[in-house]
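Just the one chain here, the form predicted alone, laid out as structure tokens.
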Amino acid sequence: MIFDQAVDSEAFGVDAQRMVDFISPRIIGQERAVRHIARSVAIHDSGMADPGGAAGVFVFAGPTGVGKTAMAEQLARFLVTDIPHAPLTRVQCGKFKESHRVAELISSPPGYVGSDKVPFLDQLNVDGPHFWAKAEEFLKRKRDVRDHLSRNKPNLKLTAQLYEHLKPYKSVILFDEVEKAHEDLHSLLLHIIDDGELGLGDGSLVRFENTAIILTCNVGGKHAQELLSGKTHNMGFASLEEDEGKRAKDIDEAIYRDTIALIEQRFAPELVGRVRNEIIVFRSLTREHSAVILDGLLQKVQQRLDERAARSRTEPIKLHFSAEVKEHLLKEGVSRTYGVRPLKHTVRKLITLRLVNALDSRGIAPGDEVMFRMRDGRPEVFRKPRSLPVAGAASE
């Protein structure tokens, strides 16, 4: 037999590419992380993954304010359902620093204190976001079931039947700041990662074969901040006068190398060994990335104005921003130490609040065009003149 036709085995399949196209525009500057996640999920969905494990296990590490939690939220929106509030099950690991608190996740055995409480990680809670999304869509199509529910109190038997009918479910669980949790929680994670299931206190099993598990980890975060802020000078980086792209690349490589080393020091070898190839160290964001994120935040302000106009059935207000205003917002809301985390608050304080004040004072009105320009060192609202002036806002 002759095998002479090369096949492009590097190209993403349709579903993996769909994930990349969905998440990349929403999580700026982390394309490498998105592609890593898409490859892992594609292997699971193809049926070619090792049997018995979770749909994917990822460790998100790296500097603060670069999109780790936002990545988890967008993955949930892609895998579960695309709604504004991410259908994500969160485990705040800082609440589970003591061994007895970890028991809340799986409940106590029968006869022990707490055995009567529903464990946080029971099957319905794990499947819950996707179950209710599916159920809502199902009930829209099944008027008789919807009418029955509207006439009666919540019916556990009917809910159970619906739950069985709509299986299977995809879900995403976020174990946030996993380094803060007691070692007992790390032991639970070993069972989930290895077996794809977890035994609860009552003897039942929770299965995670359709669940993506995400662990965010701030180990090395302080060191990353020092590198990004320039406090560490002995790394042989290019100076600020040299190519900024090269300097950023050098810093990212140092952060990656140091973060992996610190994770290996902090966690037990058996846990690190199982997730070693799925540790994703997020990159620091460049100024260009921050500018794109800022444009997205400003577009959301415009979107809220449009929604406000639609509710009140008035003409929308059109916003414009000068280049100087955008530069000011970036300067105030972005730092190499904290990333873009403060940017949302900066936009809220310097843009949204000024708009609200101008609206409340009737300085601007429906149908106006508004320009934010710098005056006296801060953004100010300027309204495009009309034939009839409106008091309370400066005019261009």
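Numbering starts at 1 and follows the sequence shown. Because the structure is a prediction, the values reported are computed rather than measured.
Quick note: we don't show the form predicted together with a small molecule, though the next part is all about it.
Trainee: Could you tell me which of 350 to 358, 61 to 69, 366 to 374, 37 to 45 sits within 4.5 Å of the small molecule in the predicted bound form, going by non-hydrogen atoms?
Mentor: Selected range: 61 to 69.
Trainee: Identify, from the list Ile293, Val126, Leu88, Ile317, the residue with a heavy atom within 4.5 Å of the small molecule in the predicted bound form.
Mentor: Contact check passes for Ile293.
Trainee: Would you mind picking the one in Ile28, Ala33, Val334, Ala54 that has a heavy atom within 4.5 Å of the small molecule in the predicted bound form?
Mentor: If I apply the 4.5 Å criterion carefully, the residue I get is Ile28.
Trainee: Does Asn218 make contact with the small molecule in the predicted bound form, using a 4.5 Å heavy atom cut-off?
Mentor: Yes.
Trainee: Report yes if any heavy atom of Val340 sits within 4.5 Å of a heavy atom of the small molecule in the predicted bound form; otherwise report no.
Mentor: Val340 belongs to the contact set for the small molecule.
Trainee: Is Val80 close enough to touch the small molecule in the predicted bound form, meaning at least one heavy atom pair within 4.5 Å?
Mentor: Because no heavy atom of Val80 falls inside 4.5 Å of the small molecule in the predicted bound form, the answer is no.
Trainee: Since only the chain is shown here, I'm wondering whether Ile213 would be in contact with the small molecule in the predicted bound form (any heavy atom pair within 4.5 Å).
Mentor: Contact with the small molecule, no.
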